[in-house]
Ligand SMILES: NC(=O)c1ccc[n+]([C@@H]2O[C@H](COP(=O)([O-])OP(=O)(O)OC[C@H]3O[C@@H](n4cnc5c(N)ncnc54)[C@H](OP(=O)(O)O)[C@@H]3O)[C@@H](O)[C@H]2O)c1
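Shown below, as structure tokens, is a lone chain in the form predicted on its own; questions about how it binds or moves come after it.
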């Protein structure tokens, strides 16, 4: 299925990981129910990935309501455990105290059916969780978990702003981090600058959302597809997106949530050429053109600078406008709406805007924020 799998060393760990990792958040399910993994399809899919050279499996406590971890437990039997590294994550939003940390780790070990998790990450590190986790002793917990042999390496998946990312990297002797990066999101959250900083400090880098949840490969805007089609190098959008991330020499693993054998086959074929610094200047210019087109499709010129917050009513204006722009940029209103309800707290949504106008007085981009928040309500809040 694959000519050869390429491997890169993860930070200073010395571990050689496949450049393509299997994200187990989107495994095949029964009857469209995300909480019911189709084990008859998922287990062979995972094993085929391992047989093809993928040695990094990524899961999390809430994925498929715990079924993802169970699918992995079934897949790594019969000698497969020795062939892979398993990454799992502590659900820090559920943690109230130190005892909870031990409870969730033990539960995950039981679900996975293993004695040691290779890479244990703090899941969804961002501003609203970080200080609480530090005060509850999460770094001491990681030390203890390593000393007990329950985990081998430590890491965190990141969903906050760049400034906090630097602080988190500096706070502990991390082995790896997981960040979002793709053709469009080059300066989003940790972004390119965060990747450079982590790598410079010996922290391995695993990239998630290289296809942006599939939005870079489905419903591709006509003007974007024209750029791909006019290129002398012929690739599908998914190939362009993956090669873009693999071109970075400070990225170690790129995760992809493949839920069919055909998707797995296609990504494995692309991985054959996933060498760092392998894209030509012409190819990089084509990617820049595509990024520019997506940026121009924004409905509102919000740069996520944060000058408009805090809002007197508690509205998270940048988060609201981010999902509104995503709906227009990627022609995927359903996905943007899902992220709106998952990522924006009820008290921070557009519906709480009273129209005071304080935000517009200080917006450096002169965005008509009141109108934009009304559009958010129309697109996401109304049936």
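Residue numbers count along the first chain shown, from 1. Treat the numbers as computed from the prediction; the structure is a model and nothing was measured.
The same protein also exists as the form predicted together with this ligand; that form is not shown, yet it is the one meant from here on.
Exactly one residue in 258, 86, 271, 203 has a non-hydrogen atom within 4.5 Å of this ligand in the predicted complex; which is it?
When this ligand is considered in the predicted complex, the option within 4.5 Å is 258.
Out of 150, 111, 159, 243, which one falls within 4.5 Å of this ligand in the predicted complex, going by heavy atoms?
Checking each option against this ligand in the predicted complex, the one that comes within 4.5 Å is 159.
Given that the partner is absent here, state which listed stretch (244-252, 258-266, 168-176, 220-228) has heavy atoms within 4.5 Å of this ligand in the predicted complex.
In the other structure, the partner sits against 258-266.
In the predicted complex, does every one of 18, 142 and 198 come within 4.5 Å of this ligand, counting any heavy atom?
Looking in the predicted complex, the three residues 18, 142 and 198 all stay beyond 4.5 Å of this ligand (heavy atoms).
Indicate whether this ligand has at least one heavy atom within 4.5 Å of a heavy atom of residue 214 in the predicted complex.
Yes, residue 214 lies within 4.5 Å of this ligand in the predicted complex.
Please tell me whether any heavy atom belonging to residue 69 falls inside 4.5 Å of a heavy atom of this ligand, as the geometry stands in the predicted complex.
Residue-level check for residue 69: no, no contact with this ligand.
Close approach of residue 374 to this ligand in the predicted complex, 4.5 Å, heavy atom
Although this ligand is absent here, residue 374 would stay clear of it in the predicted complex, with no heavy atoms inside 4.5 Å.
How about residue 26: is it within 4.5 Å of this ligand in the predicted complex, going by heavy atoms?
Looking in the predicted complex, residue contacts with this ligand include residue 26, since a heavy atom lies within 4.5 Å.
Enumerate the residues of 50-73 that have a non-hydrogen atom within 4.5 Å of this ligand in the predicted complex, in sequence order, or give none.
Residues within 4.5 Å: 58, 63.
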